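Let's start with one chain on its own, the form predicted alone, as structure tokens.
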């Protein structure tokens, strides 16, 4: 249990709302939640040197992708499947430890979301793998996490694996960079064959209680409908006076019905984009943001992103609903805006939601370097939307 931190600077935004949301009975306030303070993080003395090496290697992946596609791509989340307009509504009557940062007051904000595959290459959708969800909340005022950041957006970046695959920058600089280098170069046919072989081996090993390691598990993940996925923050974040991880899960019946629904044996190259567009041509959808507060820094560490946080010790608690209305998420103008103009960086947001830990500190520089490369190569200026009208139809 840590000392009390200085008073945080919560968001000053006063979003409007015209709807009332019924939620379950609030969880009783628990004084054992770990309080945030600046020395909660422990930096590796060689961290900046290691991040320099990672940025250099990932730039070589960017350059290779540019030679292949004659277009600048993200070094991760390269293939977008849909750009969605929606809103996030903060639930009323949250307990004080949940009512932090932009969630300090009930209200409603516009959002822009991007669904993607996390590979840095444009791959066929028949391949298994991790998916990503970037959420950009608009009109969030308050002290910023990044120096000289004058935007009023709050970015949340989530993926479909619950824990990060590598503990920290030191591990990522060794094992992680091998994986990143290979994923930028292995052709679809070989990657697909390797995934199917790994899935077969995993089924055999499970019988003996020894499944594949997590770094291989992500490549044998079932290829299911992306709108039924649950997305996780993976690494920890500041949650105002506290520390948390969070997830976004299907809420409305129509997307909950898509959980674990397989794509089938022979999905098309852009099956995810087609399914998302088909769904939102006739439907809206609701998802829920849920927060898991840290209760113990030994069992829920900041600097090791691979260790799971116990749901028994601290369950995920709902704090907001995300609604996407009926729309066209895959129009040419939307795709160009999402792929070439927009950037998502979990550091772009409030100090009250500052990313924490070694992996997140690495992402600050990696994401910015990738975005700078992509925009420079494509000759397109980066911009942060100030209003939902900045998103084209």
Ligand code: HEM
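Since the structure is predicted, the reported quantities are computational estimates derived from the model, not experimental observations. Numbering follows the first chain given and starts at 1.
Form predicted in complex with the named molecule: not shown, discussed below.
Contact check at 4.5 Å (heavy atoms) against the named molecule in the predicted bound form: all three of 76, 344 and 366 pass. Note on the partner interface in the predicted bound form: the residue among 289, 98, 285, 235 having a heavy atom within 4.5 angstroms of the named molecule is 235. Distance criterion of 4.5 Å from any heavy atom to the named molecule in the predicted bound form singles out 54 from the list 40, 330, 34, 54. Interface membership of residue 50, defined by any non-hydrogen atom within 4.5 Å of the named molecule in the predicted bound form, is ruled out. Contact annotation: residue 164 falls within 4.5 Å of the named molecule in the predicted bound form, judged by heavy atom distances. Mapping the unseen interface onto this chain, residue 245 falls outside it, with no heavy atom inside 4.5 Å of the named molecule in the predicted bound form. Residue contact with the named molecule in the predicted bound form: residue 159 places a heavy atom within 4.5 Å of it. Per the 4.5 Å heavy atom criterion, the named molecule in the predicted bound form is contacted by stretch 76 to 84, the sole one of 184 to 192, 142 to 150, 76 to 84, 251 to 259. For the stretch 358 to 393, the set of residues having any non-hydrogen atom within 4.5 angstroms of the named molecule in the predicted bound form comprises 359, 362, 363, 366, 367, 370, 371, 374, in sequence order.
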